[in-house]
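One chain is shown next in structure tokens, namely the form predicted on its own.
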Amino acid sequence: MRSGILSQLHGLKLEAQIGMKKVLLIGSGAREQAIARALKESREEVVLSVYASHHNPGIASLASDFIVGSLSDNQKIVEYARQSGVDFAVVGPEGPLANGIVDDLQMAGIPSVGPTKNLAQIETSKSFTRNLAKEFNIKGSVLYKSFENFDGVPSFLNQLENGFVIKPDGLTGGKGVMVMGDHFASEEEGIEILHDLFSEGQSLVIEEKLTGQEFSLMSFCDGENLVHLPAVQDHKRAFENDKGPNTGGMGSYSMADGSLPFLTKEDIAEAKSINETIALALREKTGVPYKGVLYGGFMATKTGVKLIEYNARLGDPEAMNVLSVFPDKSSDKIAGADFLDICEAIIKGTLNTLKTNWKPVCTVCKYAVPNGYPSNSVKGEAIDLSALDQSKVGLFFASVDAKNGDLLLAGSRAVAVIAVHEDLYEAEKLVEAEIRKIRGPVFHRSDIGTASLIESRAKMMEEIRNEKI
């Protein structure tokens, strides 16, 4: 009898373990909270262990275990992963990818959703990406050249008829790119900037300036197969009407059909094709499959879609848009696939076996950021979110610290507010009404997702296509 009871108890224990996955999430921002929420909403139970750079209350509320440490301390991250007994890791931000955390986790026998250090060069090195696209003759390439010093710069600038763009050859947090006409007024002013950057020992990529509208198209990738997400438009400039300095992203929107008002079906098809050919080129170049998210930054131009840059992870704020609508678990088209299924298929190389779909709705996301952001942000001041109605909007914590019951600004983008609705402009109204309720020394861009801004961008693209620009 005793052995029978023990056997039954053992069977119950095994049954409890079946259908449960232990996942390590690396990162601390709003993007990582969106990832955590998507994992926890999966059909299978997910026990979430989080390694973060600061205490994010939104992520902590979803985690079974949460520790704070340096995101560059690979040894500590690997030790934590081993102690937690995780099945796999999901890497949120670019810093740990650049630092080779996926390589070290692999050596410890822990697979990851995220590329190895060598493959992460698609984001960490602008010259690597441009050279890869050139070598494999990938559509959407632009005229560019890499420089270690000023030698040869004048003759190259003479080849660029419509101005130029300066890109530091490394990670800049979305704030390092400078465009003639936006960030500097003339070639002479641009040359002064180049001299200053070269004097600091900076390697640079100089590219032709393009005219058009930028958009993001992110794709889950297992090294060969890709699942494309809805296109998103981010807003980098700090102030209304695209004024002010570049930021990490003040907000973004997506449409129910997966496109954007200024894009054609051909534009979307071209962007998807570029992501697909880049994935194959990376595997051929390195001999290693790219496993994670390929985030293509594109520009729609008169002559088609051009590749601006690549990121090696989900975008922020774009992650909030796409993970709020994808996958659509209510649709028969998806055949039960959820975010956990996506992660496991990326690792196994079986994305092609999943049927996936997103909810046919629109999203608008806006960030509340500290006064003075991005160059002189207020820090350590409390903000109050108690008036927000979270039955109407999603709330994602970014650069904040929870201390003694207060939510303190930590210097970068603070809180993302997102709404999902069948109508884009209704989603914008929901977000705007709630984000205005945040009390404290913060500001936001009120024009993101509004008819006036979106229609002006659509009109601009129409004029470009009709040769008026």
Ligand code: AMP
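Don't overthink the numbering: it's just position in the shown sequence, from 1. Note that the structure is a prediction, hence the values are computed from the model and not measured.
The following text describes the form predicted in complex with the ligand, which does not appear among the structures shown.
Taken together, the three residues 207, 236 and 309 all come within 4.5 Å of the ligand in the model of the complex, as judged by their closest heavy atom. For the options 256, 340, 133, 165, the residue carrying a heavy atom within 4.5 angstroms of the ligand in the model of the complex is 165. For the candidate set 214, 87, 169, 104, a heavy atom within 4.5 Å of the ligand in the model of the complex is found for exactly one residue, namely 214. Here the chain stands alone, but in the model of the complex its contact with the ligand, taken as any heavy atom within 4.5 Å, falls in 176-184 among 256-264, 152-160, 357-365, 176-184. A residue is said to contact a partner when one of its heavy atoms sits within 4.5 Å of a partner heavy atom; residue 126 meets this definition for the ligand in the model of the complex. Shown alone here, residue 98 lies farther than 4.5 Å from the ligand in the model of the complex, counting heavy atoms only. The closest heavy atom approach of residue 197 to the ligand in the model of the complex falls outside 4.5 Å. For residue 110, no non-hydrogen atom is located within 4.5 Å of the ligand in the model of the complex, even though that partner is not displayed.
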